[in-house]
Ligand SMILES: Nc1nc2c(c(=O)[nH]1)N[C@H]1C(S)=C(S)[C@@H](COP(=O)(O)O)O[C@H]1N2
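Only one chain is given next, in structure tokens, and it is the form predicted alone.
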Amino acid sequence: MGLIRLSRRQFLQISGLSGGSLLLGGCGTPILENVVGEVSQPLNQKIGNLLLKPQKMVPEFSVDDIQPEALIVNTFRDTPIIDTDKYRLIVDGEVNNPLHLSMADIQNLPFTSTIIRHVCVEGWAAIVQWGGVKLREIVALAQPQSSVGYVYFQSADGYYSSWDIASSLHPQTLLAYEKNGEPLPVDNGAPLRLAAPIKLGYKQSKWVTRITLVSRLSRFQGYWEDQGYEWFAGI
């Protein structure tokens, strides 16, 4: 896509995240319950250990295995219309550095590409190449507090879901903005969606606009989860 890929250190230096910060604050108050925690060290030990710990990797596939037509488009409501130039990803909750990231900010973070199997609870599957940034990069920039154990995802169409922190920090969990080497189509969640080989499809939110890190789940755990679907939904 002709973008310059920056290391996390370079991104911090350019954005001013370690000092005055162009990206911090101004993100509003979290709307979820039970998100107030005690401020501690910038990156808590539990999450630090997860970032450093080798987590079990899911086998990936080759380019020849990609199934371009197999990924079925499931819609929760009407596809939202999002102005990419005005789009901002808010990261808030129990964090020391709330974030307000444009797509340019996100695309300047280290790029990762993975070819994995997307598995739907309805019984179909598709091998897809996703490209984007590891979610753990975003979480690390937000500097989660010691209380964090869960992550909520909100989408532009009103969809919401929640994950455990370990799954969120898995090295194959991405916030994707590419599909099969091309810009992510709107129907598949552009400008930004979750993509991971460790969760069923209904956990992989599309059109993600807000990520909130919390210590406890509220009574609302996810759109489908609140209707009886399994919460963890691991593969």
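These numbers were taken from a predicted model, which means no experiment stands behind them. For every residue, the number given is its place in the sequence shown, counted from 1.
Same protein, other form: the form predicted in complex with this ligand, not shown, and the subject of what follows.
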{"item": "F111, E137 and Y177 all contacting this ligand in the predicted complex, non-hydrogen atom within 4.5 Å", "value": "no"}
{"item": "Interface membership of A104, this ligand in the predicted complex, 4.5 Å heavy atom rule", "value": "no"}
{"item": "Partner contact for T173 in the predicted complex: this ligand, 4.5 angstroms, heavy atom", "value": "no"}
{"item": "Interface membership of Y159, this ligand in the predicted complex, 4.5 Å heavy atom rule", "value": "yes"}
{"item": "Touches this ligand in the predicted complex: N188 (any heavy atom, 4.5 Å)", "value": "yes"}
{"item": "Option touching this ligand, based on a heavy atom within 4.5 Å in the predicted complex, out of C120, I82, I115, I90", "value": "C120"}
{"item": "One stretch from 67-75, 82-90, 95-103, 142-150 that, in the predicted complex, holds residues within 4.5 Å of this ligand by heavy atom", "value": "67-75"}
{"item": "Those residues of 165-204 which, in the predicted complex, come within 4.5 Å of this ligand by heavy atom", "value": "D187, N188, R193, G201, Y202, Q204"}
